[in-house]
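The chain below stands alone and is given as structure tokens, in the form predicted on its own.
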Amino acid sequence: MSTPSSLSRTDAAATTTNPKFNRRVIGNLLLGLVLIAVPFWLPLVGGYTDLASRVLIYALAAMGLNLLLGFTGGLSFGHAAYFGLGAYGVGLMLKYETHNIFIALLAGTVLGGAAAALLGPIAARRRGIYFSMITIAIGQMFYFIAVRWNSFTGGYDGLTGFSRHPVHLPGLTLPMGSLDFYYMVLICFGLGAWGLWTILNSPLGHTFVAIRENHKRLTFLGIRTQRYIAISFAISGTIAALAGGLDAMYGNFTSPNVLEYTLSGNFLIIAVLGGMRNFWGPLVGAVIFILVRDYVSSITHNWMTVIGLIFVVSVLFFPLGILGSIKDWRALISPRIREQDAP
């Protein structure tokens, strides 16, 4: 008779020999190597390191939104609020309290995450368009606070007077230039992605997906779906706040624009463009969005028109997003390949 320990060893062995699992691990490792080597190969194709940092920051924020949108089924138009709170938290800490960028980043992340945890249960009481309208209202509330509290936040002029300071390690000092900051962003991106991946592959993550697929059935089963939506909202807002804190250090500046609903719309475009039900979809969307914005804005001020056209084309011809459509095509082609290869 098999013991539980022998069964667990058998399951682990089956997982490690699963071709799909192996392809996923190899793909993630290759992606990690590409991102680590970005500062070395990106200049060869006309890019620069700060551009890669901005891609990862926006991708991280969109991945946070994607947890709520793509995996839990909640459409938020106000996630810039938590992104902005993270940015203001970092800026205010660096300006008034500390020169330690890690403490400042932690404070900004906690500030945005706490706001999402407190306000998430309010939004979770409603579904559909009412949920979305509540998130807009919350976001605009923080926007007007930042605008009106001029003596503390700088108002329309934004918050200045802070910068990312060098990091002192035993026997080593990192000046936090473009290269050092990129790897700091990459580490934060990796930690955020690992956290989201762990959550989505846990029973909690499976509950989020079940809510997205059939909210009413889970309610009939006695599961308190509002509680789980609020949890997803809090985690999502925390990830967005982490990205916002990095964004404040990216330019050593922040303003009420990072709290406005238009930025929430940009995160939504990034998630949908890359594939909102795919884990790495927001990263693909962020690459397209940032590269197009950087190139087109150097030619014309109407860069949003080009982004809008790309978004319309994507929705019409790639309804699952770029990454989702690629996976869908592979799923259609693979059975045909297997039939041709069969004896």
Partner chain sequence: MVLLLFNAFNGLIQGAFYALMALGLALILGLNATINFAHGAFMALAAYFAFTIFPYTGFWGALIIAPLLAAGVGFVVETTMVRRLYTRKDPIYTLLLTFGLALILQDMIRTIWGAQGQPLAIPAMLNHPLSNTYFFVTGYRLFVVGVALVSTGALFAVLRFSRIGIRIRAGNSDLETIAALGVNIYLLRTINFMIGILFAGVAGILAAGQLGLNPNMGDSLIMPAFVAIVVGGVGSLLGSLLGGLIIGLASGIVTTFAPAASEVVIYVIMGVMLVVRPRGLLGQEGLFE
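Residue numbers count along the first chain shown, from 1. Just so it is clear, the model here is predicted, and its values are computed rather than measured.
Below, we refer to the form predicted in complex with the partner chain, which is not included among the displayed structures.
In the model of the complex, which of the stretches 83-91, 97-105, 161-169, 132-140 has residues with heavy atoms within 4.5 Å of the partner chain? In the other structure, the partner sits against 132-140.
Would you please decide whether V296 lies within 4.5 angstroms of the partner chain in the model of the complex, comparing each non-hydrogen atom pair? Residue-level check for V296: no, no contact with the partner chain.
At the 4.5 Å heavy atom threshold, is W280 in contact with the partner chain in the model of the complex? W280: no, not in contact with the partner chain in the model of the complex.
Contact label in the model of the complex: A117 to the partner chain, heavy atom within 4.5 Å: Taking the distances in the model of the complex, the answer for A117 is no, it never comes within 4.5 Å of the partner chain.
Quick one: does I235 come within 4.5 Å of the partner chain in the model of the complex, counting heavy atoms only? Flag for I235 set to no.
Looking at I211, L111, L268, A230, which has any heavy atom no more than 4.5 Å from the partner chain in the model of the complex? Of the candidates I211, L111, L268, A230, L268 is the one lying within 4.5 Å of the partner chain in the model of the complex.
Candidate from F71, F77, F189, Y182 lying within 4.5 Å of the partner chain in the model of the complex - any heavy atom: Going through each option in turn, the one that passes is F77.
Partner contacts for 89-117, taking the partner chain in the model of the complex and a 4.5 Å heavy atom cut-off: If the 4.5 Å heavy-atom criterion is applied to the partner chain in the model of the complex, 89-117 yields nothing.
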